[in-house]
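First, one chain by itself in structure tokens, the form predicted alone.
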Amino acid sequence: MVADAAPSKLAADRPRALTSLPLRAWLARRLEALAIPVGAALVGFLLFGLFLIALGKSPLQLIDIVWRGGFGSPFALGNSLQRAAPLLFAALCVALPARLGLVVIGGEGAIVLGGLAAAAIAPPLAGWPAPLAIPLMAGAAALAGAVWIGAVGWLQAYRNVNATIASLLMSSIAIALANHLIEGALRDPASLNKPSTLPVGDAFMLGPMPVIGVHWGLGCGVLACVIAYLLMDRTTLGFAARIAGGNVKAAQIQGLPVGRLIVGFTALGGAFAALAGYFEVAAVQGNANGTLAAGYGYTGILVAFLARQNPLAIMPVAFLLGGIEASSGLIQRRMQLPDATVLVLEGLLFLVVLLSETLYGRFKPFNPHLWTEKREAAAAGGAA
């Protein structure tokens, strides 16, 4: 009788044990989502430090230069924030489809097409009121990105074409198409040495935000991250997307429109990425040219993975990487290193972050179910 009573007592105590630790369990899960990416980033920086030592350079000097060039003065902060603005949009292009289990890496093409669409529609709108023309330019950019990346989702959902491969190929096509149009049909005849489109005009250019002095792309990028978080974590649509990402067959059995969810979220991600191109044209360059393909779409992949696809976490990560990229020129001059050194750092970070995905669920302090199993085992041993 005593032996029979012990399991029943354990079964009765288990719900009590689970409900007695809700706050600790919530904190543990959140700490895991923070500790592992931060640890992975530190390991990546450590490996890069060893790489510098092998080149005969000082890692401490690099840290000092990155701090001075990216965060050590108001000018450096402004430069970092300006570089972070397109990273916010580019990371959302990766993070939103990732909730459905898709790895979309074609944000660079959407950025270029978005900037080109905004620049192409600006000359016909000359003379229009700016409050009307500016939203039309932004809408044209968003539509171009939504159609382009939404096509990747359609290929995945209805033709079973791998989204990672399709998005990469679509990005290459988008960049080649944009270059063809910039150097051909949409080229400004006055742009001799550097082919570009006609200027969008001073009336349609966006000024800086008050106080911080950074263009409005930063504010809109932060707003986009907040909207994406609310969509994914506070709506039934986001809940349906997470279910579809966890188990497609279960979602289909429940009657969820998996195909439409995939197309919709990839299109939304493409629209966000294209807005980065719009702000580069309307707030920075004034026209579309070859420098639209500046690599923001690829850095956005790293931002999204470091943030674990969390739209709110994307903001500080984008600021960090924006600061590192802002200091790349200073690194080149002070340390006599090629400008691509920052790309080596980003590549190492991306590799370590990917490897760190295997660590989730393995550490007892971060996993409440391991706590209760340990307690139950101890209690069962005592009862025996």
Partner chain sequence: MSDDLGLWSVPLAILGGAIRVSTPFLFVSLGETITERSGRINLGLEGTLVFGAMSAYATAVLTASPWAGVAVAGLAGGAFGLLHGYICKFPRVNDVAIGIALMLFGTGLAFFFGKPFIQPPAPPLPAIPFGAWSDLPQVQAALRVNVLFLVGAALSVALWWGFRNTKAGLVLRVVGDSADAARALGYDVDRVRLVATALGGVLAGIGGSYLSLYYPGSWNEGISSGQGLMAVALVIFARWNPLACFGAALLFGGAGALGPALQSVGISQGYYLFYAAPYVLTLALLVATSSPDRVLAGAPGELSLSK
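Residue numbers count along the first chain shown, from 1. Everything quoted here is computed from the prediction, not taken from an experiment.
In what follows, reference is made to the form predicted together with the partner chain, a form of this protein that is not presented.
Residue contact check: Ala28 to the partner chain in the model of the complex, 4.5 Å heavy atom: Flag for Ala28 set to no.
Contact of Phe305 with the partner chain in the model of the complex (heavy atom, 4.5 Å): Contact with the partner chain, yes.
Heavy atom of Tyr158 within 4.5 Å of the partner chain in the model of the complex: Taking the distances in the model of the complex, the answer for Tyr158 is yes, it comes within 4.5 Å of the partner chain.
is_contact(Thr341, the partner chain) in the model of the complex, heavy atom dist at most 4.5 Å: Yes, Thr341 is a contact residue.
Proximity to the partner chain in the model of the complex (heavy atom, within 4.5 Å), stretch among 97-105, 225-233, 125-133, 208-216: The contacting stretch here is 97-105.
Triplet Ser58, Ala76 and Asp202 all within 4.5 Å of the partner chain in the model of the complex via a heavy atom: Per the other structure, none of Ser58, Ala76 and Asp202 touch the partner chain.
In the model of the complex, the residue from Ile53, Leu34, Leu46, Leu354 that sits within 4.5 Å of the partner chain by heavy atoms: Answer to the contact question: Leu354.
Proximity to the partner chain in the model of the complex, single hit among Ala241, Ala142, Val263, Met170 (heavy atom within 4.5 Å): That would be Met170.
In the model of the complex: members of 166-190 within 4.5 Å of the partner chain, any heavy atom: Ala166, Leu168, Leu169, Met170, Ser172, Ile173, Ala176, Leu177, Asn179, His180, Glu183 sit within 4.5 Å of the partner.
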